[in-house]
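Heads up, the chain below is alone and in the form predicted on its own; it's given as structure tokens.
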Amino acid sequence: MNSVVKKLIEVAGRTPKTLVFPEGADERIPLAACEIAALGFVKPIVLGKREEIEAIVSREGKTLEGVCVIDPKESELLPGMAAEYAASRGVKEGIAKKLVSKPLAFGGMLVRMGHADGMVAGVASATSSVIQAASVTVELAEGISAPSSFFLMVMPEADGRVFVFADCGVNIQPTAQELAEIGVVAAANAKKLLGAEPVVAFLSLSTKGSAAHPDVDKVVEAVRIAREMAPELCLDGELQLDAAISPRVAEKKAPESPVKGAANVLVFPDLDSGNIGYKLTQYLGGAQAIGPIMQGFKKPVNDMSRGATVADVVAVAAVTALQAN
């Protein structure tokens, strides 16, 4: 466990939140929940059949102390959740009950109705399934038109910097409006997670008119919208990467920019550049990539890679708990 994750866990432990983990049948989730409960920074709820979950943890010599286990189909909460879902989605309660008894939807309804502060899923589910379930239960935050994601990029110790890269996992070709929303929400998450004031750079192939192209125009428009959405933020664009993160280059290319080469939130213009950018930083730059971390819902919901480890689940749980603050 690196120092950044340890710090996230430490901060989350000051005000422990309740998180739901819907995929209790996957052995990584009960084992991660045991570790999370032992560390005490989150109160975990695991969905599934108790006897199956107990069998998983007992094989590793662990117990479910501090872990709440709920079987969605047997839960006394199910009728109330079905009624709430039926009313909000305009469907019959019988249909709602069948839908809500499924783990992802049940987990989302726990969050919606205040029984949990956030949800961590995805180790055994497709991203599209997690997003769909969250969209119809937790729902999108006011003013947000689409969910997005970001990575925490922890640079090697010799560098010491931590960046937020957005969006690297969801929106293939975001519009200017969506790009603005991604930047504003990513800045809010950066402040919660990094404990520092966000400095947001909207990245492009151009710096302040050095190139002309519709892709550049989209970024310029996104910056205009973002400034209207959050005039208090330090943000700028369009900026090339070097002008965003190097004070020396910024002095030459964009001397009037408020970013001044000190960006800690990088907003990529499309998913191609975002996905390539985070993987270059990870594999050639030696950075640790924590995520993808979802954003844009009314309450935090995170979708993990199906290749995630127990340690990855613990780290994302800490992030989710801090998002819930």
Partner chain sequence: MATTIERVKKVTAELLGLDAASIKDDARFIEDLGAKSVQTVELVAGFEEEFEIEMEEEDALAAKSVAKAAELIDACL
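Every value quoted in this text rests on a predicted model; they were computed, and no experiment measured them. Numbering follows the first chain given and starts at 1.
The same protein also has a form predicted together with the partner chain, omitted here; what follows describes it.
The candidate stretches are 234-242, 123-131, 167-175, 180-188, and the one lying within 4.5 Å of the partner chain in the predicted bound form by heavy atoms is 123-131.
Shown here without its partner, the chain carries His213, Lys218 and Ser273, none of which come within 4.5 Å of the partner chain in the predicted bound form through any heavy atom. When the partner chain is considered in the predicted bound form, only one residue from Val249, Ile225, Leu194, Leu99 comes within 4.5 Å through any heavy atom, namely Leu99. Taking non-hydrogen atoms only, Pro255 never approaches the partner chain to within 4.5 angstroms in the predicted bound form. Within this chain, Gly143 is remote from the site of the partner chain in the predicted bound form, having no heavy atom within 4.5 Å.
Although the partner is absent here, Lys92 lies within 4.5 Å of the partner chain in the predicted bound form, judged by heavy atoms. Proximity of Arg161 to the partner chain in the predicted bound form: non-hydrogen atoms within 4.5 Å are absent; the residue sits far from the partner. In the predicted bound form, the partner chain lies beyond 4.5 angstroms of every heavy atom of every residue of 222-254.
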